[in-house]
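Only one chain is given next, in structure tokens, and it is the form predicted on its own.
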Amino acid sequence: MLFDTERQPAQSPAIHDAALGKWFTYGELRELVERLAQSLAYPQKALAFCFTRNDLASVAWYLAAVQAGHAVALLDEGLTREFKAALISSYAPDFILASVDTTDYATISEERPGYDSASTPEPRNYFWRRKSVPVQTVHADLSVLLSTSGSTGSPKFVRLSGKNVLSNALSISQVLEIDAPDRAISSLPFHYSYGLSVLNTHLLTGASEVMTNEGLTSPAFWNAFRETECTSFAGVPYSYQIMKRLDVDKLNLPSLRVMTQAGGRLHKDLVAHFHQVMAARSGRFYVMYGQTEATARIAILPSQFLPEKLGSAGLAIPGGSLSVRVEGRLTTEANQVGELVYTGPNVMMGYANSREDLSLGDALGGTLETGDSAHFDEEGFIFFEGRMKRDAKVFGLRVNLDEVENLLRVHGPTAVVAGGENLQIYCEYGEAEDFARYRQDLAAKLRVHHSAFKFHRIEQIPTTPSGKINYPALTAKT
């Protein structure tokens, strides 16, 4: 699906595993994937659960499962044993793939005697095979399953076809101008749609990626970036709030040429800041918008439109189209606020909540209702108003929680959740006198009494493995 010998010469670097301290060429990666695919022989199209880390073995398992013609669910290795067991019980996967040999899978397979354990000659490649062939079939077009729930262990998956994945990788690589000399670093887990899109686009174009499980605040992460001469960095809004503190110029990254942002709306001040940082080094900063339900990307704002289009998420990716639904009709007219609707070949087949749902075909026909409120400007660029479901009633007035967050993020990392008649605002900054001032500012701008805003100073806003704010964890605090 992603390998093309003309674009990817055998001797070209493909994946660097930072933990192993070793490069693997495209030729070596192909050989490994082919051997692993052979170990996944099965009487029919199968379901594989791949519990991933950012390492070569996980990448190879993902590619091997797809090459073997199976459907692969990419899951976080960091899920608790209870979540793993619940997912395995719910979906009864035909294969369980992992890059680490933990007691989790051994005990789970012992509790479910329908699995045989095995390992491959390659280091750090382990798998368990189901003994009996299930009655439930897997749809011929189904290729990848992604969770939208982060680390909650929800059994709900987005069902993606090979066409979904490939078309999105082609569109993204075209707009971002990804080519063989480019080199990314795994600043996001690749079981997350954004992180997976980084991997797919670089493999598709013959570029390379450095796989590491180190976080942004770890010196080892930046040492790997410098030593392997990475050229690009991908992050969600929280990543860029951290990057602002770290200061790109002080990190000494002479090879950095491209920065991309998705996973939520980044405050305009931070967009302007990182655009200036990259422009000063003749680089590019891209603002992007997407959803797992559209494989990854829906719209991209090319760097040449900054700062002119500051605050915009850009234009639909090649092959896709956008409109907004206003009072039941779809329109592309300027300044009409409504729900954003996307149409394109990367729109998912639908959701799955059980093994039986894997036999279903395409339920959406290429059209996705995003749940985001937005409008176009006169030149067709999209601007967001917020999540349609991220609203709260405060003293009888409807307030958009994303809007409150965006007003405050200029001061630092911020997360807002509803709590009864109040908005609970969690900040990694500020003192009591600062919060009193912010309350008055919000009251004036939103025309809501200042007592509606309750501020809390916390050391770190909880995030999901993909780096997005973990709102359920904050709601539990209220």
Partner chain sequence: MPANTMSNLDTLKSTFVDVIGVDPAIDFNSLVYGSTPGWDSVAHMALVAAIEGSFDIMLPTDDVIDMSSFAKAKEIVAKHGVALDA
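Nothing here was measured: the structure is a model prediction, and the numbers come from that model. Here the rigid core means the biggest group of C-alpha atoms that line up within 1.5 Å when the two forms are laid on top of each other. Residue numbers count along the first chain shown, from 1.
Note that the form predicted in complex with the partner chain isn't included here; everything after this is about it.
The partner chain isn't shown here, but in the predicted complex, which of 424-432, 28-36, 444-452, 48-56 has heavy atoms within 4.5 Å of it? Selected stretch: 444-452.
Any of the heavy atoms of G361 lying within 4.5 Å of the partner chain in the predicted complex? No.
S255 near the partner chain in the predicted complex, any heavy atom under 4.5 Å? Output for S255 is no: heavy atoms all beyond 4.5 Å of the partner chain.
Since only the chain is shown here, I'm wondering whether G215 would be in contact with the partner chain in the predicted complex (any heavy atom pair within 4.5 Å). Contact check for G215: yes, within 4.5 Å of the partner chain in the predicted complex.
Just checking whether W222 would be counted as a contact of the partner chain in the predicted complex - the rule being heavy atoms within 4.5 angstroms. Judged by the heavy-atom cut-off of 4.5 Å, W222 is in contact with the partner chain in the predicted complex.
Which residue, L310, A280, L251, V100, is the contact with the partner chain in the predicted complex, using a 4.5 Å heavy atom cutoff? The residue from L310, A280, L251, V100 that makes the contact is L251.
Answer with one of Y126, F384, Y115, Y238: the residue that has a non-hydrogen atom within 4.5 Å of the partner chain in the predicted complex. If I apply the 4.5 Å criterion carefully, the residue I get is Y238.
Need the contact residues for 228-266: heavy atom within 4.5 Å of the partner chain in the predicted complex, sequence order, or none if there are none. Counting only heavy atoms within 4.5 Å of the partner chain in the predicted complex, the contacting residues of 228-266 are Y238, I242, R245, L246, D247, K250, L251.
Quick check: R35 between the shown form and the other one - does its CA shift reach 2 Å or more after fitting the rigid core? The answer is no; the displacement is under 2 Å.
With a shift of at least 3 angstroms, figure out whether the C-alpha spacing between D269 and A444 grows or shrinks in the predicted complex: closer or farther? Relative to the displayed form, D269 and A444 move farther apart in the predicted complex - a change of at least 3 Å between their C-alphas.
Inter-Cα distance between F453 and V337 in the predicted complex, nearer or further [3 Å or more]: Farther is correct, given that in the predicted complex the C-alpha spacing of V337 to F453 is increased by at least 3 Å.
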